[in-house]
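First comes one chain, alone, set out as structure tokens in the form predicted on its own.
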């Protein structure tokens, strides 16, 4: 990753911040795109202003995306790659299937699926003018497999149906755009992580881990090796692929 520049949407979030740290540790530079200035600036200070640059980025707003790309190019002179890991949710996120409200569904589908399309639209336009680029989307095992509802039994947790729809849509977007940009020297792939540990109920974690091979629930940093591979020249001829990192949960 030496001297490469990567723009990361949701860069101050749980997964995004792990990506930022890993890229900088491997001699790359990151543009931290996020709606939270407080968390974004704190991460910039942690990584150092030479290696990291925070920009305000709302992936539901095309103008915000365009401005963040302009600022990134102004700072570093180029953007070699981009990662879309923003995860905006409505106040009604996580409702049971029977309790979904139209206004929340509309907001979540646009914010997450629409945001992925809008971010792709603008960064691909930039990559075309630059002559190259690599884009990685973050999907989920829920975009590949049906939920294991028995894992949720006895908890207040829900596996939202809109999450499954969004994450399977991310994979479709990845494949569509990879073919769409097939002659433009632009690579587009996605990663589907398994569950990321986030203080889930012990009973859920125990059942979840039983479905895995070794570790079970992952840390965000467990995704970084796959990301670095997809951003590097080692994956030059990998196009339109969705790489599952789930410790065997889906087997």
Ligand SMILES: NC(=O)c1ccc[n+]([C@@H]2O[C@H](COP(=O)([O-])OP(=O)(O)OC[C@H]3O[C@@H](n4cnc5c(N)ncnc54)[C@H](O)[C@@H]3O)[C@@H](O)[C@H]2O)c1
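Given the structure is predicted, the values throughout are model-derived calculations rather than measurements. Residue numbers count along the first chain shown, from 1.
The protein also exists as the form predicted in complex with the named molecule; that form is not presented, and the subsequent description refers to it.
Visitor: Among 203, 60, 226, 211, which has any heavy atom within 4.5 Å of the named molecule in the model of the complex?
Guide: Exactly one listed residue reaches within 4.5 Å, namely 60.
Visitor: Which pick from 169, 94, 114, 88 sits with a heavy atom within 4.5 Å of the named molecule in the model of the complex?
Guide: Of the candidates 169, 94, 114, 88, 88 is the one lying within 4.5 Å of the named molecule in the model of the complex.
Visitor: Given that the named molecule is not shown alongside this chain, does residue 21 nevertheless sit within 4.5 Å of it in the model of the complex, heavy atom to heavy atom?
Guide: Flag for residue 21 set to no.
Visitor: Residue-level question: is residue 221 within 4.5 Å of the named molecule in the model of the complex, judged on heavy atoms?
Guide: No, residue 221 stays farther than 4.5 Å from the named molecule in the model of the complex.
Visitor: Does at least one non-hydrogen atom of residue 230 fall within 4.5 angstroms of the named molecule in the model of the complex?
Guide: Answer no; every heavy atom of residue 230 is more than 4.5 Å from the named molecule in the model of the complex.
Visitor: With heavy atoms only and a cut-off of 4.5 Å, decide whether residue 138 touches the named molecule in the model of the complex.
Guide: Yes - in the model of the complex, heavy atoms of residue 138 and the named molecule come within 4.5 Å of each other.
Visitor: At 4.5 Å by heavy atoms, is each residue in 73, 133 and 239 next to the named molecule in the model of the complex?
Guide: Per the other structure, none of 73, 133 and 239 touch the named molecule.
Visitor: Within 4.5 Å of the named molecule in the model of the complex, counting heavy atoms only, one of 23-31, 191-199, 43-51, 178-186 shows up; tell me which.
Guide: Within 4.5 Å of the partner lies stretch 191-199.
Visitor: At 4.5 Å, heavy atom to heavy atom, what parts of 3-26 sit next to the named molecule in the model of the complex? List them in sequence order, or say none.
Guide: 10, 12, 13, 14, 15, 16 sit within 4.5 Å of the partner.
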